[in-house]
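Coming up is one lone chain in structure tokens, specifically the form predicted alone.
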């Protein structure tokens, strides 16, 4: 299998962590800038989005949560849904919605440098803040080193690290000590530590 990813994409990070937590961290990774419309990425995903997982059969699976769904069907154990699947899925939904809002801010800045203060930009910001506050009030739990991180943990930590990466100087980001503690613990796991967001290398 082959995974197209970028080091800045929170969506790709969700898929990378999920693969590693499933014990598939040896899947071949292809570092790809989706903005460059690489032919191999376009062949796997006409939308030129990462992540895209190319199966050994040649069939592509795209979109992070669909990759997680495929992983759950193909390798049920260890499960990424944890002991309380409803809670894991609910928290993941909150986190993924905020990831969408944060990513929309970053993408929209390419078109309009003043997007952050526009009505739509402020709405996206509000979504991020509300999600962080909800997750802070009821954060997912991470078990010991031998326990698999569930999807709620994966999405919440990915969201928090993405916000810290993209909005490090933003004064509107709320304090999240409980989520910070969760992220700190998660980074003790190779799946999280090796996928921390960083700028793409210059080409």
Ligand SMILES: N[C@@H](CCC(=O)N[C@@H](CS)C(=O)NCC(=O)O)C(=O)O
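Only a predicted model underlies this, so the values are computations on that prediction, with no experimental measurement involved. Numbering follows the first chain given and starts at 1.
One more form of this protein should be noted, the form predicted together with the ligand, which is absent from this view; the next part is about it.
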{"property": "Segment that reaches the ligand in the predicted bound form - one of 48-56, 173-181, 141-149, 22-30, heavy atoms within 4.5 Å", "result": "48-56"}
{"property": "Exercise: residue 191 in contact with the ligand in the predicted bound form, heavy atom 4.5 Å", "result": "no"}
{"property": "Proximity of residue 63 to the ligand in the predicted bound form, heavy atoms at 4.5 Å", "result": "yes"}
{"property": "Contact label in the predicted bound form: residue 9 to the ligand, heavy atom within 4.5 Å", "result": "yes"}
